[in-house]
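In the form predicted on its own, a lone chain appears below as structure tokens.
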């Protein structure tokens, strides 16, 4: 999948979101090993230092962990993954509802359209 990065937000945040999305969608399964920093940076066409920052932040959040000589791995905490999925879904749904309401639709109308 192509890494579509824009200039409107910090690159490392966009990298974090992309990797997070890959984890949540199963591209990188629970306990799975991530490619190296250099490989990920090459795929995303970014500086390895920028990728390192994104991965470090994901480690800080608990989504990734490092094994000293083996690399980085996805957490095995299924509850953390489910919680993150729910949090992202709630945020996206709220943004969607706000946007639809700006178009003059009421929540009941939006639900009917979705069904």
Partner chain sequence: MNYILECNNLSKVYSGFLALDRLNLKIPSGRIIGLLGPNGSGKSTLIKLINGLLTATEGDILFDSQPLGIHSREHISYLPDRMYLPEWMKIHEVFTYFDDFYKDFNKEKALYMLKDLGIDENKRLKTLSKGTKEKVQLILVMSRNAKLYLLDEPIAGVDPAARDYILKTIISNYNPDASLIISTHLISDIETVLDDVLFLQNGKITLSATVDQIREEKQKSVDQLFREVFKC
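Computed from a predicted structure; not experimentally measured. Positions refer to the first chain, counted from 1.
Below: the form predicted in complex with the partner chain, not depicted.
Of the residues given (49, 85, 66, 36), 49 alone sits with a heavy atom within 4.5 Å of the partner chain in the predicted bound form. In the predicted bound form, no heavy atom of residue 70 sits within 4.5 Å of the partner chain. In the predicted bound form, residue 108 stays away from the partner chain, with no heavy atom inside 4.5 Å. At the 4.5 Å threshold, heavy atoms of residue 21 stay clear of the partner chain in the predicted bound form, well away from it.
Using a 4.5 angstroms limit between non-hydrogen atoms, residue 11 touches the partner chain in the predicted bound form.
Exactly one of the stretches 85-93, 49-57, 71-79, 24-32 approaches the partner chain in the predicted bound form with heavy atoms within 4.5 Å, and it is 49-57. Shown without its partner, the chain has 38, 41, 42, 43, 45, 46, 47 in segment 19-47 as residues with a non-hydrogen atom within 4.5 angstroms of the partner chain in the predicted bound form.
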